[in-house]
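First, one chain by itself: the form predicted on its own, in structure tokens.
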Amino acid sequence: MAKKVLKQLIINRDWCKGCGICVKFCPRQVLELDGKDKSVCMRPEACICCMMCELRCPDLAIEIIIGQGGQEEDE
């Protein structure tokens, strides 16, 4: 089975209320709150695709799109 890799981390900033739950649950400190107290992905290369941010966001403002590591996908 191929390793999961982050294809895209989408944050709907209009829905984000800046509660910081996603920041606290992220085991790799991928997310931070910016000057407007909105979540931003600061270190996408560190993401292990655990999905904790997406699962714990009370506003459903985060979406993780996962690819498979190894070979490139043809689209």
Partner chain sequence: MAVQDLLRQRFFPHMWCPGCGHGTVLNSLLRAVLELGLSKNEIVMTSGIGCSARISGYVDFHSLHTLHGRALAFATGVKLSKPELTLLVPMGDGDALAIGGNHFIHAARRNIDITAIVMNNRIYGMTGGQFSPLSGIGVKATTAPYSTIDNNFDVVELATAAGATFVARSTTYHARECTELIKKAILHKGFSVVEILSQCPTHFGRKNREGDAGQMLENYKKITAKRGSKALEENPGLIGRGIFVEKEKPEYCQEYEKTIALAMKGAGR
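As the structure is a prediction and not an experimental result, all values here were calculated from the model. Numbering follows the first chain given and starts at 1.
There is another form of the same protein, the form predicted in complex with the partner chain; it is not shown, and what comes next is about it.
Colleague: Does any part of residue 52 reach within 4.5 Å of the partner chain in the model of the complex? Heavy atoms only, please.
Modeller: Result yes; residue 52 sits at the interface with the partner chain in the model of the complex.
Colleague: Is the gap between residue 19 and the partner chain in the model of the complex 4.5 Å or less for some heavy atom pair?
Modeller: Residue 19: contacts the partner chain in the model of the complex.
Colleague: Does the 4.5 Å heavy atom contact test between residue 23 and the partner chain in the model of the complex come out positive?
Modeller: No, residue 23 stays farther than 4.5 Å from the partner chain in the model of the complex.
Colleague: Can you tell me if residue 11 lies within 4.5 angstroms of the partner chain in the model of the complex, counting non-hydrogen atoms only?
Modeller: No - in the model of the complex, heavy atoms of residue 11 and the partner chain never come within 4.5 Å of each other.
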